[in-house]
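For reference, the chain that follows is the form predicted on its own, supplied as structure tokens.
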Amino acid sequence: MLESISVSLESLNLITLSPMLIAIVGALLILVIDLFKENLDKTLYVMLTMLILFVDIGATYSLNINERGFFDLMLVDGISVVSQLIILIASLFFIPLALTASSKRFHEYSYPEYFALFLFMVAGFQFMVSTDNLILIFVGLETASLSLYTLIAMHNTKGAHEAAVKYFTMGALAAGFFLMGSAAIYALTGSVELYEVAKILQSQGADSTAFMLPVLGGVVLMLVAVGFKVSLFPFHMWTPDVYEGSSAPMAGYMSIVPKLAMVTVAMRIFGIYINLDIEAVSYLIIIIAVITMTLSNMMALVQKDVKRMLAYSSISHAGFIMAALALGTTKANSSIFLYYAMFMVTNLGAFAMLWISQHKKKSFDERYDHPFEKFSGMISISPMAAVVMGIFMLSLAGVPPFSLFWGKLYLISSVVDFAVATAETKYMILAIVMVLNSAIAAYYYLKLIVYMFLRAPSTSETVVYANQSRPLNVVIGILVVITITSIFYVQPLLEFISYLVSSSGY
């Protein structure tokens, strides 16, 4: 006779699922409301989505660290908590921008399905960062990706449809490589649980060439999957086109949240090999990171469109992140989350500022929506908008005392500390390369400032900076204040992040 298996709710520890369930239930609630009462004002759905995100943040913050739940599939550690908080806060800044959109140009915000898909996407990203089970990571990845493809396409322009198709194609390739990498890991270790994989690899030892060569093959497959999602060389070519076709706020959101979720997954997967002192993995990540940040900076220098310039800029920032990830130290991992927290504020603000300019015809350039010439003389047309955009550019360039300066400083210092601790010259060279790339990046950020402050307004068309509704002003105002006042909160924020990361064991 088969023995019955009893499972108690207490043993499942369902509280570990609460953040994701809040987002999923919220999405279903929006669909049910629309089912019973159609054509409600979008303000209701915006407020409801923000309320759900607020509750989700509270549930995430209240989780106990280092607990497992739901048959040990869910992992609540410091990395899970801090990454979820950044994802939710970025979402909370993004969603009020729907109130600023006109119904004709940005009609996607008029559909309740948009907000439901957005919450499903957030839940998918939360699943990705809250588990070390490769199958559940894949489920979260696909849930988030399929929702995001649809959100991009709902903008319903030719560029948006093209962007959605390109992103879907690249996402499908990334999913395929992730599955092949997971299959390779499972074939060699007999487990899809990363903590079990780590134990098996440690017991086998890194000295067995016959065993380690197939393992490294799985690493390469996983690195390709991460490369597609995070926009690493040579898998980055889709990024500028997809950002250009998407609405400006969505492009800013895509530059942060999906990448953060995948970087967190990469931190868990590659951290196993880095902790086992398999140097080939670290070297491979560093090489790709250096090429990524250098090549993307070179491409950003020659861009004629501000949105495409910011797209290549985000690729460069991804290279910075991966360089720190290759170290595998607590300080390096903490610097990654601090960097993303600072980058979130600055980049969301920069992309949101692209939304304030309106012109019906592409008088400045037949190809681009946001050419540099469009911002010529912005200081005389809209002084406040020019100053705010200038602050965001200075922050992206890493100029003190703005927010991203502290992220870059701590990230580079983690590389320098690692170089000193290991007495390895190559890591000091890596730090120098990162500094040089920061200097190169400053040029194209300052290029926009030159256009705004030192050039005369274009005579071909007067740009109307009219999309400045109260919600947009509030969101951008908050982002500017956070960017300027970072010197006052960066230390406690860093201590909070370091505490969570150090308690994770990764």
Partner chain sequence: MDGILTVLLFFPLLAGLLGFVVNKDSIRAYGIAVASIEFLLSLWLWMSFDVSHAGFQFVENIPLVSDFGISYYVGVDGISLFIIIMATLMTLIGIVALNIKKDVKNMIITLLFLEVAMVGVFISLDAIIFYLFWEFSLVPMLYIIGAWGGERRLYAAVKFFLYTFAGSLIMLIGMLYVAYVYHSVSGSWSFAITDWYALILPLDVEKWLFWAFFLGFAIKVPMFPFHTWLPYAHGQAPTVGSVILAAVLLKMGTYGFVRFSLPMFPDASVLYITPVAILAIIMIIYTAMVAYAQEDMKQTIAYSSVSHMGVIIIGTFAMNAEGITGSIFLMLSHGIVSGALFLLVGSIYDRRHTKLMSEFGGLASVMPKYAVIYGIMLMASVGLPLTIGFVGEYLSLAGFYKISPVMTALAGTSIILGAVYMLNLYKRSFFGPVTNEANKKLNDLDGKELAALVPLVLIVIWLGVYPKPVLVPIDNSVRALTSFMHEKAQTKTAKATILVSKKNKEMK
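Everything numeric in this text was worked out from a predicted model, so none of it was measured. Positions refer to the first chain, counted from 1.
Although not depicted, the form predicted in complex with its partner chain is the subject of the following passage.
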TODO: Could you spot which one of L454, L51, L35, V481 gets a heavy atom to within 4.5 Å of its partner chain in the predicted complex?
DONE: L454
Open item on the list: Going by heavy atom distances of 4.5 angstroms or less, which of L173, L99, M180, A421 would be at the interface with its partner chain in the predicted complex?
Closed with: A421
TODO: Give a yes or no on whether every one of L409, M428 and Y443 sits within 4.5 angstroms of its partner chain in the predicted complex by heavy atom.
DONE: yes
- [ ] Flag L494 as yes or no: does it have a non-hydrogen atom within 4.5 angstroms of any non-hydrogen atom of its partner chain in the predicted complex?
- [x] yes
- [ ] Mark I487 yes when one of its heavy atoms lies within 4.5 Å of a heavy atom of its partner chain in the predicted complex, and no otherwise.
- [x] yes
TODO: Find out whether any non-hydrogen atom of H370 is located within 4.5 angstroms of its partner chain in the predicted complex, and reply yes or no.
DONE: no
- [ ] Flag P214 as yes or no: does it have a non-hydrogen atom within 4.5 angstroms of any non-hydrogen atom of its partner chain in the predicted complex?
- [x] no
TODO: Work out which of the listed stretches, 75-83, 241-249, 222-230, 412-420, brings a heavy atom within 4.5 angstroms of its partner chain in the predicted complex.
DONE: 412-420
TODO: Residue by residue through 331-356, tell me which have a non-hydrogen atom within 4.5 angstroms of its partner chain in the predicted complex.
DONE: K331
